[in-house]
Structures are given as C-alpha cells and as structure tokens.
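Take a look at this single chain in structure tokens; it is the form predicted on its own.
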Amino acid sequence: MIPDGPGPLSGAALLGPRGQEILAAIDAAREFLESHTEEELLSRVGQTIDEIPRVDHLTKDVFQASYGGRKPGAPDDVLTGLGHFFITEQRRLFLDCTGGHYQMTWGYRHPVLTAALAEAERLGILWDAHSNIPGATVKRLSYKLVELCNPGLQGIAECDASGCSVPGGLDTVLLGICTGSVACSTALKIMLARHREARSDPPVVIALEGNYHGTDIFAQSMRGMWTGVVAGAEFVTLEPNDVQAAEEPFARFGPRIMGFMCEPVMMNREAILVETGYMRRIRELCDEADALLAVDEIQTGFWEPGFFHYRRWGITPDLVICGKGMAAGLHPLSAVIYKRPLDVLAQYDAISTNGNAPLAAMIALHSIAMIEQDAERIGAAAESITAMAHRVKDKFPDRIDAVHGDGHLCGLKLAKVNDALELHRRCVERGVWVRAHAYHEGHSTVLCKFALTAGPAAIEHLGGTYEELLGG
C-alpha cells in the first residue's frame, strides 16, 4: 500500500499561470488530428489551424543557445502530434518526414502503442527497475533480439536451464543501457577489454570518415574531437566504400587493431550507404587481423522489415548495437548483441540507471510485433521512398548530384550547399519537416527518415514538394 499523502496537482497548475490555456490548445490540436483523415491533413499541411485557440506559450529564455535559448520572436515548438503529423504552438500543421528525431518508429501517439501502454500500466508492469531484477518483459526482449540477429532461429526456450547457444552467432545481450551513446561506448569497452587481455601495445580503432557513434568522449575522439585528450589509442578513419584504402591500415597495424565500427547508413554524413561488397571485405580483414567488427544499427535498426540492415550483407558482425527506435520513442532503451566469448565486462562496466525498463521493453516487443505483421507494406513504402528520390533527381540533374541512403533513410545530395539550405528552408516554410546536412564542408544533403506509418500519400506529398520547390 502507498501511504496517504498530498493529492496530485492538476497539469494546468504545474505548467504555471497559462497552464490551463496551454492544455486547452494541446487538447484542441489532438482533437483536430484525430478527427481528420490523412488526405484531409495533407491538404492543410503548412496552414495555420484556426480551430486551435491561440496562446502565449512559454519562452526558452533559460535554454542553452544551441537549443534555441534567447532567440527573438514567439516560440513555435511542438504542441502535439499523431502518426507522421504534428502541430506547433503557433498552430501550424506539419508533415514530419523525420520520425521525430529519427527515433519515433511509429510516429506520434500510435493507437496500438498507446493502448499497449495503458494495458501495461493496468497490469502493473513497472516503469523501471534495478538492473539486477529486470523483469519478464526485459528478459523476453533479450531473447527476441537474439532471434532477430540470427535468421532462422525462432522459439528459443526461455524457461529452461540450458540457456541459448548459437555457434558463431550473436547470442548474448546487454540490455541494461539507455542511450545509443552508452551502447556504442559499451561495444568499444568490449573491444578494448579483449585487446588488453591479449596485448600490451596501444590499440587502434578504425571507423569511417564522418562517423557518429555517440557523445562519449572516446567515440567523439574517433571523429577528430578533443584532440590529444584520449591517450594510449590511435584512431584511423576511412572513406566509406573504398576497399583499397581500407586494406592499407589493416596491413600496417595488423593485430594492434582492436576493432572496426560503422553505421550501414551514415546519417551524420549525408546518409551515405555503406555497400555490401565493402563490408564483406571488411569482415575478411577483421578476421585476418583478429579484430572485432561492430555494426552500429542505432539509426537503421527497426526501420525495415528485416529489422537490421547488416543482414543484407550476408555476414555476421561480432557486435550489433541498437537503440533509438527500439522502444518507438517512448523511453530511451538500447542494447548490444554480441558473441558469447566477448562477454568480458564486469557488471557495472557498462550500465545506465534507467536501462532495465520493463515498460519500455513491453513497448519494444509490441513495436517489433507490429513490424513483423506489417513487413510487406513497410517494404513497399521503403521502395516508394527510394523511387521518389530517384524520380526527383532525374527531373533535376543539374541541381541534384546523387540519391543517398536506402528506403526510409534517404537523402538528396544537392550540387550546391546554398541550394540544400534553401530547399530545406522552403520545405519547412511549407510545413514539410525535413533536415539538412550542410554544416560540414562539402555537405549539401536534405534528409528524410519517415516513420513507419507513412504510406504512398505522404511519400508523394514530400516528392511533390521537392519537385515544386526545385522547379522554382
């Protein structure tokens, strides 16, 4: 029993003097989204929705500058959303072509996941738990991840004493971690621990130029940040898909290489797609050097019918890292799936306070089941996105140099940086929420990563917007 105490305050009271007005605006926006079809919403994308009351919203004056602090003008942040649409505080309707911040697998407030959340709470499934007592949903999710990483393996006997052994496969899961940054850090720690067991010379880590493996200082050093801070390790970066260039550092460093880490689609570098032939050669080079191969599927994982992109390559990595969309944006939850001999870390070498979240694991299981049931439509949508991007490129060959990425993770590489920035600006002005990579030299790509809710109508709306704006 929970002892008697103060009752809950109203949401309006917690939001301050304008709380009641803000909640009324959120509720009106929710009602608007729920009462209109996708066709009706697409016809009003970019418009101000007068059915929602106007409110003076909270400012961001205490925010840090890089996240909008102290900027002039009225704030225009998210009010509420549904599926691949959201409405802002200034009552503008947007088509979200990025799946939130690339992590909302099924978009905003999906009814199946909303119902699953309510059922889990009714049943008493906990929001979080100590890492030593993770609960049934966390354990089942671990088994499910092993199944997904080993095609053909189904129905693992979770309740017997024999455990699970997949010779040469990925059969061990570390799920007690929240964010992708911690998951990448964990994989690197496994590499480092294994290297130190066998060798005393400084380890070498190989990654791809423009990599993004989180905000851990070691991972950031892999992409050239914090020069000189991390001592005792060497970092080598390679141009993606250049087999000849990859062979040189493997020949030079050999057994000093503790591992190679990459993303299948480099969303921090204009959505460059890493090619199958390249990765098969990398697997061979890692084997020859006795180095570990880690595939960072934080962006790509759970965004296609096969769940993990690396399965297309026909190879088995030593470690697979996933996060972001695993729990459909409800709660940060990440994992590293790896081969049993690599289970070398102590209990608290890699952990997050909120890493063993039974409620988030239940949502992740629901999301995985939804992908399995809807695989055919998801695959068709991926093909449509790729076809749409190539159609736009073919129509504007003088403005667009290439189509990057694959399926839901797709980018248009424009010939000029200013064109990319202007296309992005005009898309947002039209209520089409895409992102632009133009903040590094040579970057000029407009990116999308639709939530899995998106179908032909939303995809064609984006393609039509691209064509109209590029034509102008």
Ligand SMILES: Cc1ncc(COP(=O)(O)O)c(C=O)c1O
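Just count from 1 along the sequence shown to find any residue number. Fair warning: this is a prediction, and the values are worked out from it, not measured in the lab.
Below, we turn to the form predicted in complex with this ligand, even though it does not appear here.
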Q: Select from the listed residues L141, L113, I298, L148 the one whose heavy atoms reach within 4.5 Å of this ligand in the model of the complex.
A: I298
Q) Exactly one of S181, N356, S367, T88 has a non-hydrogen atom within 4.5 Å of this ligand in the model of the complex; which residue is it? A) S181
Q. Do G214 and this ligand share at least one heavy atom pair within 4.5 Å in the model of the complex?
A. yes
Q) Quick one: which of 298 to 306, 121 to 129, 269 to 277, 241 to 249 gets within 4.5 Å of this ligand in the model of the complex, going by heavy atoms? A) 298 to 306
